[in-house]
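The form predicted on its own is given below as one chain in structure tokens.
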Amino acid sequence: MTAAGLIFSNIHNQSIPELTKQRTMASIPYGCRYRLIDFALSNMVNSNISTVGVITHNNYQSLMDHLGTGKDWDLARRSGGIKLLPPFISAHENRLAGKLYENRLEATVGAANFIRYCSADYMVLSDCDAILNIDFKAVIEDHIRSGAFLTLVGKRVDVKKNPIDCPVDILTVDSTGRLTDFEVAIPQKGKPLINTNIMVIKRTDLLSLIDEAIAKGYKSFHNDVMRHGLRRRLFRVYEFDGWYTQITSLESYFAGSMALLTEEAQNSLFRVEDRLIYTKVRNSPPTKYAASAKVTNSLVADGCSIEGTVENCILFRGVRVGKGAVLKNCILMQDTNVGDRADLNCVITDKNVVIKDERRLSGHETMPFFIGKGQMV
């Protein structure tokens, strides 16, 4: 039994326009040194999936820079490895839309040649908005054992503890795990079973689905494939029980990042034996902590220089915190420079931001203050 992976890098760009203005969803920085695609890629590599296609749409320069040849994920291979799949990679590639894809089904049709020639038995399809550490081998085994046409990975989320601020697939299953119904809505209460947008399907079944979509002019994966297929095909849900967060907005990005400061998230994501999370390696010098520095409950990447107070923060590579500066509940991306005696609370900065001396900036957990790439305050 062999499997190949297919990652959708742009599907949810509109969810967080602040951070996808100059990059794809897949290349959004997360957790000090990672990009969102690192979790999907690492989950596949850890499950012995060595052929991975990454579907792109536009604005994917930063994604190419990050992935390179794929060597950091052991995907720089003569056979298989990582394949970037830009739109219109060949003259007949997107026969369903005839233009840049606009949804999941059109993107899948555009990747038909990769799917057809990868020679794997099963395909694992994943978006980049879900942060989790999952064993795909267990999902594939469950899919084979059940005889399902399509297996979705679902997660029960406590809405009171982890509010969801945009419509998601709320799944209904029977006692055997069969998907009986679903609705697209914003969960309001309880612990609904939501779709993580991770799927497993037999490669030949996926190809037949693509041919059917082209022949019948299907436009939507939800309405034309899932909704119409519920009665005539076995759709199954595999329930994931580990730590999980989904990036659906700037607010959820802030909450999902702050959650990394908890031991539960760190243990579930980064301390699972044989399932490490890989990323592009950079040889930066160690972080320098001055005698005046005070750092508590924070994640700090290498290459930083800290002279002030940092509390409950996430600092990416090359961040400088000036003397007397106070940072609380902040996410500062690569090469942000915070001046002396600045006071920041609930602030997110993109790369290469400069905050001058004695500036006071504050947001709230439900509405963090965001500063765009390369700006000066």
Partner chain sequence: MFKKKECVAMLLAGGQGSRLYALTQKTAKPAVSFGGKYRIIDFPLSNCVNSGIDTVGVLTQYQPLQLNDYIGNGLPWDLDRNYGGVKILPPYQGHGGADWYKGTANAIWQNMEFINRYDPKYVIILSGDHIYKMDYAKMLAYHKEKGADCTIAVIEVPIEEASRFGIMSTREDGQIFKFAEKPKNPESTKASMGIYIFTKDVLEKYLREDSLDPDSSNDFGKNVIPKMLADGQKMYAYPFEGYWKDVGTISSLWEANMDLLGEEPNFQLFNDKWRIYSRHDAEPPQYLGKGSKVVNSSLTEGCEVWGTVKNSVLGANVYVGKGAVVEDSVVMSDTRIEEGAVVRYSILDTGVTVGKDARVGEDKATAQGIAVLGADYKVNDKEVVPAGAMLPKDI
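Treat the numbers as computed from the prediction; the structure is a model and nothing was measured. Numbering follows the first chain given and starts at 1.
If you look for the form predicted in complex with its partner chain, you will not find it shown, but the lines that follow are about it.
Q: Residue 276 near its partner chain in the predicted complex, any heavy atom under 4.5 Å?
A: Yes, contact at 4.5 Å.
Q: Spell out, yes or no, whether the shortest heavy atom distance between residue 147 and its partner chain in the predicted complex is within 4.5 Å.
A: Residue 147 lies outside the contact set for its partner chain.
Q: Indicate whether its partner chain has at least one heavy atom within 4.5 Å of a heavy atom of residue 217 in the predicted complex.
A: No, residue 217 sits far enough from its partner chain in the predicted complex that none of its heavy atoms falls within 4.5 Å.
Q: Is there a non-hydrogen atom of residue 286 within 4.5 angstroms of a non-hydrogen atom of its partner chain in the predicted complex?
A: The answer is yes: residue 286 has a heavy atom within 4.5 Å of its partner chain.
Q: Pick the stretch from 33-41, 324-332, 48-56, 342-350 whose residues have a heavy atom within 4.5 Å of its partner chain in the predicted complex.
A: Stretch with heavy atoms near the partner: 33-41.
Q: Please state whether all three residues 261, 271 and 282 have a non-hydrogen atom within 4.5 angstroms of its partner chain in the predicted complex.
A: Yes.
Q: Under a 4.5 angstroms heavy atom criterion, identify the one residue in 120, 295, 164, 209 near its partner chain in the predicted complex.
A: It is 295.
Q: Given that its partner chain is left out here, which of 234, 159, 84, 290 has a heavy atom within 4.5 Å of it in the predicted complex?
A: None of the others qualify; the residue that does is 290.
Q: Any residue of 336-351 with a heavy atom within 4.5 Å of its partner chain in the predicted complex counts; write them all down in order.
A: Contacting residues: none.
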